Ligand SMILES: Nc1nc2c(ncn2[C@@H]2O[C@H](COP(=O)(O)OP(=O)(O)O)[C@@H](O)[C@H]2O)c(=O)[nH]1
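What follows is one chain in structure tokens, specifically the form predicted on its own.
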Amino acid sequence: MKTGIIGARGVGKSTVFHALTGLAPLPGQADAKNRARFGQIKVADPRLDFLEATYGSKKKVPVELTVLDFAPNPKEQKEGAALDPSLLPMIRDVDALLMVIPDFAGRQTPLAPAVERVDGELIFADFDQAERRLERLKKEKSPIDFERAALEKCLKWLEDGRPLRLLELTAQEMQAFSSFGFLSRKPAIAVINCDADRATAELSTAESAGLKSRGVDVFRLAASFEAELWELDSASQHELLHEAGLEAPARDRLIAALYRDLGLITFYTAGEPEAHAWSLRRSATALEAAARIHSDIARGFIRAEVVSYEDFAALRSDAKVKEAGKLRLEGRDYVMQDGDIIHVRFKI
């Protein structure tokens, strides 16, 4: 999973990056080739911890979230502008967007209008891209009628100021646009950067309705408070979080929100050499899960041996799982479920 942090200048994007990853933000400005900084968040997963302990695995590999922070470029992003236009090509390959909105005492930004302004920049970029592609299609000797119709559908939608994440597309249309990287189609979360005493505040009904109408989820984050947690040991972190009324650090809560918005599940491969967690889109098949592990495994797929995490946790060994009849043999079209533990038989 890869997500990019975007927003106006001075809203605390780099502090949010530090709060989520524990890494210091990029100092000052940077040249065009080094504007992005990558931070990795390992997903806390009690199920993976159990598998590692039960199998005595020598190695544990959790799912990781990559967060991108970008150095400012005042020449491109003027004061008050919703986005730096020079960043748009850099965020085309991310899976989701984090729109940072400030909400501090004395500096409260109306949430829905702020999100609408950022969305507006994404919509404009998508409209320009779709329009240019449509013009090229019209000049081709054998234009692809389906793609042309799909682009015209998108342009009409964008023209009304609506993000593509709200537009229902057929599987064929989604396949046609898979290489476009449309920005307003990406799942988006409004990250409200606030004071610690407002980290658990509820949105008003009007604010919730405004965000829902744009297909945007919301996530509150006291970035400065969360950044300080990285300097503390685990016990002190838990104590401060408890005092703030928070169940977990922001990074863990954000991952849960991203899993929901991206429609993801986690499946596992486990044994003595390694316990490994894998993210996978909901409704994906066993063959797609095999491809996540390795392309050769998918190419030579024979069958999948599958047990649910709940059944394995109750029985605690492969032998007892087989004895109880809980190990299932599934074909390539089996729809994976969250928590499935899988072993793929294959032959190349």
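Every value quoted in this text rests on a predicted model; they were computed, and no experiment measured them. Counting begins at 1, following the sequence as shown.
What comes next is about the form predicted in complex with this ligand, which is not displayed.
- Ser224 is the sole member of Thr266, Ser224, Thr269, Gln237 with a non-hydrogen atom lying within 4.5 angstroms of this ligand in the model of the complex.
- Residue heavy atoms within 4.5 Å of this ligand in the model of the complex occur in exactly one stretch of 171-179, 239-247, 191-199, 154-162, and that stretch is 191-199.
- Contact annotation for Thr15: at least one heavy atom lies within 4.5 Å of this ligand in the model of the complex.
- Under a 4.5 angstroms non-hydrogen atom cutoff, this ligand in the model of the complex lacks Ile342 among its neighbouring residues.
- Looking at Phe104, you'd find a heavy atom of it within 4.5 angstroms of this ligand in the model of the complex.
- Residue contact check for Arg9: one or more of its heavy atoms lie within 4.5 Å of this ligand in the model of the complex.
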